[in-house]
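Take a look at this single chain, the form predicted on its own, given in structure tokens.
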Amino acid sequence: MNVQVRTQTAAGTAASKLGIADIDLHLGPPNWEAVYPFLAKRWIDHIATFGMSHRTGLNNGGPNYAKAQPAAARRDAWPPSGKPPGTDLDFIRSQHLDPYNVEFGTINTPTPSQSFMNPGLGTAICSALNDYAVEFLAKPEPRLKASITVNYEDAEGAVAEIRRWAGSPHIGHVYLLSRTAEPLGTPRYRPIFRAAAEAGIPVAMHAFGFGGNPNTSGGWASFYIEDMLAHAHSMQSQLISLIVEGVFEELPNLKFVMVEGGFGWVPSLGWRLDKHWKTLRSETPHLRMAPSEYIKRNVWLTTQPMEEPGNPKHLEDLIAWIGLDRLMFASDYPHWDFDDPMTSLPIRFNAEDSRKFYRGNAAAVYGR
């Protein structure tokens, strides 16, 4: 984790390092007005009149917890142009893509967009953000792939957006957030997963979002650190729902990527699910495999934030259960908890495993 990192220069470094895939780049427009050319006038007027209310249970008009840094960004991620972090393409190239030899990066918009109270507004904003990301980031920079950001609370609109972009060379994955109105395995969201599977596009679920519910099962937490830790809780709940409700059984070829929720909890969750399933399997006759088998078949995970046990051997054991082929590197650039690909991994891989971890696994998932 780096709040501010050392100066990087591309000369003499990129060619000597492995080319990497970075599955979590928070890049987007400098402000809402930048996406207005892609919005119908009715929605621009709506925003001016009624604002953009989210499904948050706290009526404070902004993030529920103060971030560690403005825009949750590294201090050195503010470009000389004066634009916000993650919005100046030339600076993104010089600070991150070039020095780290990023050959493939997926854009996960940093602006909460899928959870507006007005579902029509949410769907329109998602569509506009996708147009912006393709036009101003992915097209001019072939190393970048935009997400299909969808309003998952409007399944019909989300399906239409997936079909609009299916087959585009500028797209990486369908983009969801982990705090939803209901668990993602429930029927209301199933059309989204069906559309993604039909199009052969991976679905990525990133930590965060506004579901309208407290961020812990016991209510609203007091501190930002609790909110950060609760991302892993929401990830676990969503994965349980997707397995038990039969999403992966129905869609065996669906590729599901979990971003920024950690992965240290995965083995114990798999073991616990298997234990209860053996006793209660009559309740879910639609499941034809043990729950942990669906995890190993359908799920991939990213490394930021990475749990770091004091004994590196324990991390090796953890990765061995999950499977190295299920892990992909993510930096979370330009956020304050950014992981430097040169220093973030506390264990060493051999050359073959390094190629898989930094690039090969992502190539297998995304076909890039």
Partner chain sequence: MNVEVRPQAAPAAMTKMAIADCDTHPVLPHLSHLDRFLPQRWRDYIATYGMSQRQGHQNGVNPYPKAQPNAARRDSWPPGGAPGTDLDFMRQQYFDPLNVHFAVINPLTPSGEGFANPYLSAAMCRATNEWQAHDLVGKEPRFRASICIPYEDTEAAVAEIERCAGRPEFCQVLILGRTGEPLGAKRYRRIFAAAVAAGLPVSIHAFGYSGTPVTPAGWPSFYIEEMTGHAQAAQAQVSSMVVEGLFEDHPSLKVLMVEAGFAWLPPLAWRLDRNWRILKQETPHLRLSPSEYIHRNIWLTTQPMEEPEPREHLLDTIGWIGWDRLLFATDYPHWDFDDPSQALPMHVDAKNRERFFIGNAREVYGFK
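Please read these numbers as outputs of a predicted model, since none were measured by experiment. Numbering follows the first chain given and starts at 1.
Keep in mind the form predicted together with the partner chain is missing from the figure; the text below concerns it.
Proximity of E308 to the partner chain in the model of the complex: non-hydrogen atoms within 4.5 Å are absent; the residue sits far from the partner.
Taking non-hydrogen atoms only, E182 approaches the partner chain to within 4.5 angstroms in the model of the complex. Although the partner is absent here, H286 lies within 4.5 Å of the partner chain in the model of the complex, judged by heavy atoms. Taking the partner from the other structure, the partner chain in the model of the complex has a heavy atom within 4.5 Å of a heavy atom of P191. Contact annotation: the partner chain lies within 4.5 Å of heavy atoms from the stretch 44-52 in the model of the complex, the single such stretch among 296-304, 25-33, 44-52, 331-339.
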